[in-house]
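Next up: a single chain in structure tokens, the form predicted alone.
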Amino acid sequence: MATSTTRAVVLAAGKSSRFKTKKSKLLSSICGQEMILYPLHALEAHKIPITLILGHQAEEVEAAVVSAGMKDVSVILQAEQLGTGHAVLCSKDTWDADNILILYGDMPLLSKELIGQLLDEHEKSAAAVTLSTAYVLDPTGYGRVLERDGLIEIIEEKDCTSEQRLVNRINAGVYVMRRDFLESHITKLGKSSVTGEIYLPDLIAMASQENLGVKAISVPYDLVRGVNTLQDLWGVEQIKRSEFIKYWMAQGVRFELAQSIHIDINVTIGAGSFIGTGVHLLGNTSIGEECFVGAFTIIEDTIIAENTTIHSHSVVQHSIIGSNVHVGPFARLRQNVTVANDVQIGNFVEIKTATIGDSSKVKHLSYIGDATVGAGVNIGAGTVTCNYDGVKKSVTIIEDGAFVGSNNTLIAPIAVGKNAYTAAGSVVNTDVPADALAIGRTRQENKLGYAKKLRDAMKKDSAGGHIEKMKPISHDNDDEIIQFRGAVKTDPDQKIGFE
């Protein structure tokens, strides 16, 4: 059927009461995309104009549709939810095609192929109504499809007798109806004696009784699963994940324990890559060829080039990672981090809003925040860029070839020049010129025999005695010795010790 002769009406006004959550179920994320967008994208693939019937949390649902860039969508408000028949009637002014395709907004597994099949079958049959049905082991929650003596009708579960509840052929909730039939019959629908609602499926019995032609097509249940509870949501997401993982397997990606992996709809993975157990690949993440992502790693909205290794238990968010890079284990990169090629980011390193140049190393127990690190830089273990003074964030710049010693505290704003060194254990609070050595620590002094005096005094105290006053230790006025492990001269009057 030419889709130009079809308009879709998507029913999405319900209150999601069985979810027992404050947010509409249609806004629940399934593999990184709101539930409502799945059927809308399937319709969009056929270029079918859409009328979206909203009610509960209408503004929020409409905002999600607009944010997704959906086109050719008209929104109609069903202010009072009086049933599916009433919802469709609310859209009457938008019926501008020969056939009206009606479906529910909580059908995220509905495929464009199934939509195409229903439209084709409807055209071939020349029926007034074409509907989808499915067979399920547990039909709870669905209307039952009853067919006898050539007549077809749908009984909503709330109206079913105990015998009818045993029927496992269900109404899958996707219909194609000729517009002329819909216009002439929808106002004839009565209210349910049980719920007071107007049921759209009652049109099936009308068309059947009037011999106007009803075509029932059996479809796989998994394609038309509705989502009414959080358990339904869990089941649907499992199916959708499996679809994505199977696809990427076919493209040459290995998943170590596929059933443990979460992957979102917009994730891409290059051939030859390995995805470890428990990995979460979220948002708009792209992983290049021949990459390794270790177990229990989370990668979100990140681009990773080829031949890069993200070791286990790392978290990488909103970042760009180059090729031949090693990250982790237990590393965290967040808030717009850019890592160039051949970089090593080691275990228990956190990097935030920073750029790391080619062939640089940040290998152990460091925090690099609001910083620009050049190429060929080595940052020693325990280094911290102090980027926040309680009021504002300031930037640290470390230029090409610099060597930052272990356990350094770099107090921003600060710049470490090209090929400069900073000594281990330094607090650096002024700029370091190129090729300079910065030393920012007090000098170690060894007082021979003093430890024994301390122990003897503490033993005497623990035995109930009195600690005699000990002579204070004073620094000698030795000449300062400068070497790579050098020191700074201390105040000769500074005193330390016990009294």
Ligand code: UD1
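Residue positions are given as counts along the sequence shown, with the first one as 1. Note that this is a predicted model, so its numbers are computed, not measured.
As for the form predicted together with the ligand, it is not shown, yet the points below apply to it.
Though the partner is left out of this view, Pro201 does reach within 4.5 Å of the ligand in the model of the complex, counting heavy atoms only. Looking at Glu156, you'd find a heavy atom of it within 4.5 angstroms of the ligand in the model of the complex. Leu82 belongs to the set of residues with a heavy atom inside 4.5 Å of the ligand in the model of the complex. Within 4.5 Å of any heavy atom of the ligand in the model of the complex lies no heavy atom of Phe330. The partner is absent here, but in the model of the complex a heavy atom of Gly173, alone among Gly322, Gly294, Gly173, Gly357, sits within 4.5 Å of the ligand. Checked against the ligand in the model of the complex, the candidates Ile30, Leu40, Leu26, Val432 yield a single residue with a heavy atom inside 4.5 Å, and that residue is Leu26. This chain is displayed without the ligand, yet in the model of the complex the stretch 135 to 143 from 135 to 143, 405 to 413, 337 to 345, 113 to 121 comes within 4.5 Å of it by heavy atoms. In the model of the complex, the ligand lies within 4.5 angstroms of at least one heavy atom of each of the following residues of 226 to 245: Gly226, Asn228, in sequence order.
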